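As structure tokens, one chain now follows by itself in the form predicted on its own.
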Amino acid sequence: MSDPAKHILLTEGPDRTGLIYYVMGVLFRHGLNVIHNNEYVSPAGHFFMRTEFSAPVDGTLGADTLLGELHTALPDSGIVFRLSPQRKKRIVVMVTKEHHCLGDLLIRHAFDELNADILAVVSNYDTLQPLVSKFGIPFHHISHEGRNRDEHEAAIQQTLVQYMPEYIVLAKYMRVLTPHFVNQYPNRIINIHHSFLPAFVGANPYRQAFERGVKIIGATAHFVNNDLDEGPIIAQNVKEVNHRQSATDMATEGRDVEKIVLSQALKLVFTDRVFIAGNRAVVL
């Protein structure tokens, strides 16, 4: 007998008495088994809940009916429900020349650790094509040379349309995206930044950190918006350093942190654990 299909219900909106009771009542009436449930109410009174449940093996979920009953149980409440099957996300990775984050993602993908399918890798240089080819994943070299930013992004977009990705992962893609591009993928572009944001934004963060004599370095994975390096933060981590280490030493240490933080963030997003609340990411 096959395992029951698993689904995730995301609930958010103004907090009110009985929210969990009403949601669970609808799931119970449909014969759905709740496996995990996690909820959070912000200080401003906004409710977030992630509910993982399984459907009967021999039945169908009837998603429209389920969502309709949820809205009927909580009419005019301002509550938003999102329902998705527990499955791999479709992603495209964008890179420039640095290999460490991409290499880590390719290995995790090969061993089925990402909960995602890497459909293609896109780069403005061909430096990493030999690496990607070893994993049998399409590589698209779309050079920025001889093109303005809009022309370059239009060429990238033509390639992305072929794959229809749910998310775009910037694994050390070192070009600033225009608002037009970002707006086509709202809260669907994930970037790894080589510093513990909001400190040391922009270029050469490890040089900035070295010059300030920092005692920790870190990395930040965040959603991309139209404010440079200021999108909602998904995951962060740090590592201790000291005055004996050069900026180059710090960059070497930082690369290890970057790839770990990026993979952590992607696992959270690809298992539907992240809500966007203004410029904050709520992780359940």
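Computed from a predicted structure; not experimentally measured. Just count from 1 along the sequence shown to find any residue number. Between two forms, the rigid core is defined as the largest C-alpha subset superposing within 1.5 Å.
Quick note: we don't show the form predicted together with a further copy of the same chain, though the next part is all about it.
Residue contact check: F210 to a further copy of the same chain in the model of the complex, 4.5 Å heavy atom
Yes - in the model of the complex, heavy atoms of F210 and a further copy of the same chain come within 4.5 Å of each other.
Contact with a further copy of the same chain in the model of the complex for Y22, defined as at least one heavy atom pair within 4.5 Å: yes or no?
Heavy-atom contact with a further copy of the same chain at 4.5 Å: present for Y22.
At the 4.5 Å heavy atom threshold, is L32 in contact with a further copy of the same chain in the model of the complex?
Judged by the heavy-atom cut-off of 4.5 Å, L32 is in contact with a further copy of the same chain in the model of the complex.
Contact label in the model of the complex: I216 to a further copy of the same chain, heavy atom within 4.5 Å
Taking the distances in the model of the complex, the answer for I216 is yes, it comes within 4.5 Å of a further copy of the same chain.
Which of 175-183, 158-166, 116-124, 101-109 lines the interface with a further copy of the same chain in the model of the complex (heavy atom within 4.5 Å)
Every other range fails; the passing one is 101-109.
Is any part of 173-190 within 4.5 angstroms of a further copy of the same chain in the model of the complex by a non-hydrogen atom, and which residues would that be?
If the 4.5 Å heavy-atom criterion is applied to a further copy of the same chain in the model of the complex, 173-190 yields nothing.
On a core-based superposition, does R16 travel 2 Å or more at its Cα between the shown form and the other one?
Yes, because once the rigid core is superposed, the C-alpha of R16 moves 2 Å or more between the shown form and the other one.
With both forms fit on the core, is the shift of the CA atom of I216 between the shown form and the other one 2 Å or larger?
Comparing the forms between the shown form and the other one, which are aligned on their rigid core, I216 does not shift its C-alpha by 2 Å or more.
For S42, is the C-alpha shift between the shown form and the other one 2 Å or more after core superposition?
The answer is yes; the displacement is at least 2 Å.
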